[in-house]
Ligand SMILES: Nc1ncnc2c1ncn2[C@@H]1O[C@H](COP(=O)(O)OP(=O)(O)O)[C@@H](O)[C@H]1O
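Starting off, we have a lone chain in the form predicted on its own, written out as structure tokens.
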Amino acid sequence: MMHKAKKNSYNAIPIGTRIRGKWHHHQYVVHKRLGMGAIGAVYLCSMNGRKVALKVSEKNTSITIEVNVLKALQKVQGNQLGPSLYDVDDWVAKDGRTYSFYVMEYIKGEPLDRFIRRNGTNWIGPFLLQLLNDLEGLHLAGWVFGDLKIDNLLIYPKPPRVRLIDVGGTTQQGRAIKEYTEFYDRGYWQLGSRKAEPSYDLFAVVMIFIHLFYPNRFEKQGESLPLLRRKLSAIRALEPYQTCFDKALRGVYKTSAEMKEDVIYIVARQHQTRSSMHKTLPFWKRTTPVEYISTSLITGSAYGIAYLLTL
């Protein structure tokens, strides 16, 4: 009986299962499980040939909170802060138990760390700006993302764009963070409280980019700030952001806009330096016109996208 209960629970729904809404009667065919968290599991499903992501849980209250968060984020004009919400309903499984679920946009993207490994560290600046811009919109709406980590970021292609997924940890400002991952949590590093405020997310932003270069992570040893500074200083690709990241680790930035302003300056200076260096190279050491144009288009579009998103 114990094995059967586990197999039929919301976190082990078999492929091919048809989830039919109790109230709206929409049907969703399960294709695979995308992930599982503290309060529910997310599945890739289809409805009339359209791919969607469906989150199901036995915790009705938690599902209701996440739905309210998604609705609030959709009201933030000019920002696509999370997946679009399509449906909310209940499902009576074959075992007779009733689960709550909601259906949202399926964001098919590439993990941030994989994208950077494949395309190079020149994309760090643009993605950092995009992320800060999205967080600014979120914070202005009165929310903090909370459980901000690499697993909750995807790079949407054409053009490459950071997208936030899984709003399960999103918390109203002023309250206690309800969901977090130790490595990204300033409370774990004893560098701040778990109060939901913009600086909490900004600390996690720095840990995301540290994690890119320490995929196996590392644990707290002695005083946290000197340790994190040493780890940062050893990452050559993050050298331009050392001062900026140090301020975020120490909680100096009170808003995303403050950090974004510093990053804009850093990114613009990097781009100018690269352009100047190319012009001073001897003709025979320069890239071919095709290579140079291709590179300029790639980096230029990246910085252009980041710049436009900050307007």
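In this text, rigid core is short for the largest set of C-alphas that superpose within 1.5 Å between two forms. Quick note: we count residues from 1 along the sequence shown, nothing fancier. Owing to the predicted nature of the structure, the values given are computational and were not obtained by experimental measurement.
The next section is about a form of this same protein that is not shown, the form predicted together with the ligand.
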Contacting member of Glu197, Glu105, Asp113, Asp90, with respect to the ligand in the predicted bound form [4.5 Å, heavy atom]: Glu105
Listed residue that, although the ligand is not shown, lies within 4.5 Å of it in the predicted bound form (heavy atoms), from Val267, Ala248, Ala53, Val69: Ala53
Options 217-225, 160-168, 184-192, 127-135; stretch whose heavy atom lies within 4.5 Å of the ligand in the predicted bound form: 160-168
Distance check, Asn152 to the ligand in the predicted bound form, heavy atom within 4.5 Å: yes
Distance check, Val252 to the ligand in the predicted bound form, heavy atom within 4.5 Å: no
4.5 Å heavy atom contact, Gly146 to the ligand in the predicted bound form: no
4.5 Å heavy atom contact, Val42 to the ligand in the predicted bound form: yes
Residues within stretch 29-43 having a non-hydrogen atom within 4.5 Å of the ligand in the predicted bound form: Leu34, Gly35, Met36, Gly37, Ala38, Ile39, Gly40, Val42
Ala257 C-alpha moves between the shown form and the other one by 2 Å or more, core aligned: no
Is_shifted Asp246 between the shown form and the other one (CA, 2 Å cut-off, rigid core): no
Rigid core superposition, His26 Cα moves 2 angstroms or more between the shown form and the other one: no
